[in-house]
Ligand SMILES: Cc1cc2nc3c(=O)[nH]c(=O)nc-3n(C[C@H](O)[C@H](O)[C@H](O)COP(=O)(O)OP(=O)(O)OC[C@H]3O[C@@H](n4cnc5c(N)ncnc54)[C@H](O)[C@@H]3O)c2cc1C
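Taking the form predicted on its own, here's one chain by itself in structure tokens.
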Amino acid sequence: MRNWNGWGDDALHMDVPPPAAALLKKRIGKGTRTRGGASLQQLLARIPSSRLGDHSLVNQAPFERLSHAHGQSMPDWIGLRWGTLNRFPDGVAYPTSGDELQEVLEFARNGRAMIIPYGGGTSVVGHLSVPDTDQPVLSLSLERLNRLVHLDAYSRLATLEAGVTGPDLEAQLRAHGMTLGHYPQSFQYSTLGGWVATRSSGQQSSHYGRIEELFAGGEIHTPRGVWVCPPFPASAAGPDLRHLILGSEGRLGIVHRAVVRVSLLPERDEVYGMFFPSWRNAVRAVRAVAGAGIPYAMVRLSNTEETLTQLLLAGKEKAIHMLERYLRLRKIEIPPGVMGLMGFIGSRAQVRTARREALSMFRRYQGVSVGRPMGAAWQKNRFKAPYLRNTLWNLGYAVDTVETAVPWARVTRTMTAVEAAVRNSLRPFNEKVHVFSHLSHVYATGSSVYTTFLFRLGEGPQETLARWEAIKTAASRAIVQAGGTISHQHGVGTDHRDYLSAEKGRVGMDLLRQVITHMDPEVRLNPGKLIGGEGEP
């Protein structure tokens, strides 16, 4: 069963091994065990009467409204765990076809209701927060729009409904020997429509492509009618309007169907572990591999603090001790040594050749391969890491992330600046932060920088929220000052909205507002997300 106030399946649990717990205690202190908290029944009792009229496709039951009132952002967690969540949709619509989707939109228009598109509920930046408004709010769930509509295997184009989750999407394609290959960490619950609306990036996007490369076209239901983007292989007929849909976060319309570029199931999908004696050596090595055009599927490179943390979280003390002994023989000490993962996808010959070329280049920078076992362990557990949020909260700690992307010349400088800003952010609270980073997506011209931070919960919701806001603000400002994008993969939502103008500029922001105003003149589609301004809640 889905966890009502945390991440994932409530039957699954991730332990924090004693050495990792000891590291946290050493870095930031003993966790703050929270007093009180809210039960499900207490939260359900707070939900007011619905302001919507009745409709056969709309469910107004309290639990449905609660479960669609939030995503997975830190403010959402605080509101759920302490029972301070105070805004709820007035109902949840469940269309099962394009005609029913149009019917729901007409019902909302007649009732002057605002609409929040809802996919898998995995947003970590406030895409699903309910606006503070006197108007009714309708959550529009796409979960019943989850079918493979058409597969053109000859052209390698698949048309799917936008509410399909990652596992169901892959299962439907796998039956035909195909794959999309888009694996964000939220893969088990997030949806195709959500990936499109937030410009999502999968863990193996270096091989399959980010969602903007996979999204070939589709059908979007808007206040001005149904908008169809044909799936051309390429076009020089003016600006590519697909890119208005990508990253639109529900502001321009509801994605009903998406046409995506699919691939044949690969013969090989292999991930290898590697270690370097220093961060400098590691960055130079992966930059060289990216620039050489070697066909890798993924690179993940942890800095020294993340390497130490992840090894302790692995919990296999004997195996880790043996690994450290081996690395010492190869002149790598942990710390300051760093670990990485590199994946390859393709035929047996393609994978063998790419791996040989990459490892040859790594050796120039004193890189040491430790083979497939570490990569296989990552593949097995790669979607389980978010479950640590549940465990850490119960131990008295909160965990969140920020991420950006910059050219290679600024990668290390940006990472260092963001981590310093995070560490210093809680000094006014006399608190410390445990922070570490990795490069999760590597390109020829630069890389993403993904930073995780842990801090102790406050004595109550207001104190915890204040601590998180201080960290998030400091990190976001450091990203902007470093010239990075405010989001490489999580989107804008409400958490990053104030920093978007630094990236788009005045002219770009004016253009974005004009497009949104043209498509949604009554400001009813997911208001307050992506941009703010006149008429926005």
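Don't overthink the numbering: it's just position in the shown sequence, from 1. In this text, all values refer to a predicted model and were calculated from it rather than measured experimentally.
Separately, the form predicted in complex with the named molecule exists; it is not shown, and the next lines address it.
- Taking the partner from elsewhere, T122 is found to have a heavy atom lying within 4.5 Å of the named molecule in the model of the complex.
- Although the partner is absent from this view, V406 stays clear of the named molecule in the model of the complex, with no non-hydrogen atom inside 4.5 angstroms.
- In the model of the complex, none of the heavy atoms of R65 sits within 4.5 Å of a heavy atom of the named molecule.
- Interface residue remark: G250 is counted as part of the site for the named molecule in the model of the complex, having a heavy atom within 4.5 Å.
- Per the 4.5 Å heavy atom criterion, the named molecule in the model of the complex is contacted by stretch 122-130, the sole one of 283-291, 122-130, 357-365, 82-90.
- Contact with the named molecule in the model of the complex holds for none of T309, S437 and T451, as no heavy atom of theirs lies within 4.5 Å.
- Residue G193 is the only one of P95, G218, G193, G181 with a heavy atom lying within 4.5 Å of the named molecule in the model of the complex.
- Checked against the named molecule in the model of the complex, the candidates I78, V338, A162, V418 yield a single residue with a heavy atom inside 4.5 Å, and that residue is A162.
- Taking the named molecule as positioned in the model of the complex, the residues of 475-502 that bring a heavy atom within 4.5 Å of it are, in sequence order, Q489, H490.
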